[in-house]
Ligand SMILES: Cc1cc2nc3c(=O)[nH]c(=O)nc-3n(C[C@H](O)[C@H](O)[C@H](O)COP(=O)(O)OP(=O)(O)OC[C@H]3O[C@@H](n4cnc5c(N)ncnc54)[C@H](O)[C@@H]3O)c2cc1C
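Below, in structure tokens: the form predicted on its own, a single chain.
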């Protein structure tokens, strides 16, 4: 396995075309604006180096016979799911969004769907995926998932768009591979990964078959360009004086990735026109990723809870004091309730024909929906407990100015045994995570990342075992078609 330093060094062998701040990036690992995203991704490598975390971060691979990073493997047991959930929380309580777990969610989705496609249609995609996974594990790669297309007019299907390239599509194929064109609009971590896995974003009809495409490609393949957003709030931005306490160190870049007649060999193609399975790819990825999102945002919740509690104490109060205790208990309830859904989803996982297991979709969608909708409440509760100083604390350059430092320390003192400088650092940290550009990013990505609440509602209604409840009540009411109560069953998915 790579060390975190070797991961960064490996990026120097890649030469993606990345536009950032109006300029073409010369070297991704050396660009100062991308460092926080690289550090956030590299933590999955550094944690795998820690002997105390090995059971959580690594696993034996039957594909290579070697110990590999857990995020490059498929889930074959409930214990695997619980450890992946815990690992996601453990990573994100430090970095906010670890990004590399997207690799894991994509592999598990493709593992099951390529198996099902081969079985139904006689294709040969599953062995191709297994070969690619061996390559990934041996090289210890990080992969970005490119799923969300530009989509154009949302009322029209891919093949109905006036511009045929608003969804990624196959434009030609021969015995050596396929050529694709189009764009993926939201690709997390794209500038500093090794490969991209491109997946269909929705179900397809026969007329959409050219858009039913899934493949892997090096991020610097000919014909790929991306326009990226700066991760976090770097001090290089001209409108910000202070160094952001958290997002300066750990953040997430996203990018619009454009494919201009990109060639993909058949040994990296996992779906090429089998429209019947496009929706299955998108659905399977959502099933795994929403489970992961629960762990990720629970980690962010750990940060917010800790920051809010620290601010309350720096202000001279206790987290059990009156209304503050109520606010803290509610914040804890929110975080641990959606995380509990992740645990329930793991424990009640169902086996898939390919041999891996799927988290219970009802529990994972309920948990993801609670998290996405209540992230705003999490921020509000933290702000109520911390006070307005979260957004009014002087910049470090001013607070440390010798001309005013003594008076700033005097007038912004909280509890006597907590230095003013410490209180201000806590306030700035909470501002960075909850009330800044980065805080806004967390709120929107929590709401929409992995699927919107509307998509989760659809899945909850689709997968919930309503027929069991109907039959139960008809039996209790003495109606025809009813059933007597059976042994308890905590699996909610139909």
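Residue numbers count along the first chain shown, from 1. For clarity, every value in this text was computed on a predicted model and none was experimentally measured.
Although it is not shown, the form predicted together with the ligand is what the next lines describe.
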Of the listed stretches (106 to 114, 319 to 327, 75 to 83, 181 to 189), which one has a non-hydrogen atom within 4.5 Å of the ligand in the predicted bound form?
181 to 189
Quick one: from 390, 147, 244, 286, grab the residue that has a heavy atom within 4.5 Å of the ligand in the predicted bound form.
147
Just to be sure I understand the contacts: of 445, 435, 68, 63, which is the one whose heavy atoms reach within 4.5 angstroms of the ligand in the predicted bound form?
445
Find out whether any non-hydrogen atom of residue 452 is located within 4.5 angstroms of the ligand in the predicted bound form, and reply yes or no.
yes
Non-hydrogen atom contact residue 142 with the ligand in the predicted bound form at 4.5 angstroms
no
Is it the case that residue 441, even though its partner is missing from this view, gets within 4.5 Å of the ligand in the predicted bound form, heavy atoms only?
yes
Test of understanding: in the predicted bound form, would residue 292 fall inside 4.5 Å of the ligand by heavy atoms?
no
